[in-house]
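Consider the single chain below, provided in structure tokens and representing the form predicted alone.
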Amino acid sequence: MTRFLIHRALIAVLVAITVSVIGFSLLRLSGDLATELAGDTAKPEQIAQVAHLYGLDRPLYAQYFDWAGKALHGDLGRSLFSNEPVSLLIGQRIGVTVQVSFMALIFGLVISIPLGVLAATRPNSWVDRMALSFAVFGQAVPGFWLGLILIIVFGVMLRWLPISGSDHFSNFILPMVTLGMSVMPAFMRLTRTGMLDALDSDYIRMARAKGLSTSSILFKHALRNAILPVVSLTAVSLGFLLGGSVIVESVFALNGIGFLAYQSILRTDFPVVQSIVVFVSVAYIALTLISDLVNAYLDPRIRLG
């Protein structure tokens, strides 16, 4: 297990370094940042002064190593818009993003797992077809469109729920449903497939022959084995939700890092955008590593392979 842990950790570190290099480079290669910062009407000498002020006239590799060295010590630079430390801006807003992501993950699990079990117990029935249709809908519908529909129905027409802000629990209900719908189909299909395989196995036939109750067979024996892939997918899905919160937070004006990223893109605040991209990417890599370790713990064949 130790060897597996070291191997996976090294891969995670290498991927994190690669992502940081790509994110850093793409932002600078997307255009002339000095011209963007100085303005379209700036003269060449003014653009040169701005480039020198922010170190944009230095070689790209020198800029990266300087930024990476400071980032390892928690210094992500300062916002060009507010002049506040980027680490402070992210720290103030990460709580909202984590909260809505966790709520969306729990919502997706609570709905999808029972639905997957129900579909597996009645294969090819109307229940199964309804569950699969629901999964296809959840996979196909754009998050921003679903969010707008929920705002119109529950916020404007019925006036049941608030449509923006992050002050109370009720503010997170519509974003939770919108974001949770994006992960629900994968959980449902994975649970259904795992349950179908488990219910068709020999040990389930033996349990039925012994006269065990249906609930005991489903939840104590079949679901216990079918849920393993769902457990491993949960950590990865949380990373996906953290990154996917940009659209949802923008639609519902939640004061999280997703909305901060959207605002920073509009303001050409590249230190903030760059830090958020790398932060979310590293969080996703860390959660993927946790998923691999959980898989290895639950299934020894993985760490021995």
Partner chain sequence: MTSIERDRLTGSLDTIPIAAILEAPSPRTVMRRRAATHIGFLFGGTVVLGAILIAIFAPLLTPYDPYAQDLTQRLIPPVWAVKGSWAHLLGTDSLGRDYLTRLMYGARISLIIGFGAATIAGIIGTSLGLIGGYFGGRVDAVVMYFVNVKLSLPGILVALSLISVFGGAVWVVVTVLGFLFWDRFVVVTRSVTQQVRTADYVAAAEAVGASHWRIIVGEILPNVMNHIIVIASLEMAVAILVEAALSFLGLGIRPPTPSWGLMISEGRNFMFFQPYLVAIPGIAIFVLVIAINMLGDGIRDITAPEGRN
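Residue numbers count along the first chain shown, from 1. All of these numbers come straight from a predicted model, not from anything done at the bench.
Although not depicted, the form predicted in complex with its partner chain is the subject of the following passage.
At least one heavy atom of residue 250 is located within 4.5 Å of its partner chain in the predicted complex. Its partner chain in the predicted complex is approached by residue 145, whose closest heavy atom lies within 4.5 angstroms of it. Its partner chain is not shown here, and in the predicted complex it never comes within 4.5 Å of any heavy atom of residue 291. Although the partner is absent here, residue 271 is not a contact residue: none of its heavy atoms lies within 4.5 angstroms of its partner chain in the predicted complex. Only one of 137, 203, 160, 102 comes within 4.5 Å of its partner chain in the predicted complex through a heavy atom, and that residue is 137.
151 is the sole member of 223, 230, 71, 151 with a non-hydrogen atom within 4.5 Å of its partner chain in the predicted complex. Comparing 151-159, 120-128, 168-176, 205-213 against its partner chain in the predicted complex, the single stretch with non-hydrogen atoms within 4.5 angstroms of it is 151-159.
Using a 4.5 angstroms heavy atom cutoff to its partner chain in the predicted complex, all of 276, 280 and 285 count as contacting. Contacts of stretch 2-26 with its partner chain in the predicted complex, defined by any heavy atom lying within 4.5 Å, are made by 11, 14, 15, 18, 19, 22, 26, listed in sequence order.
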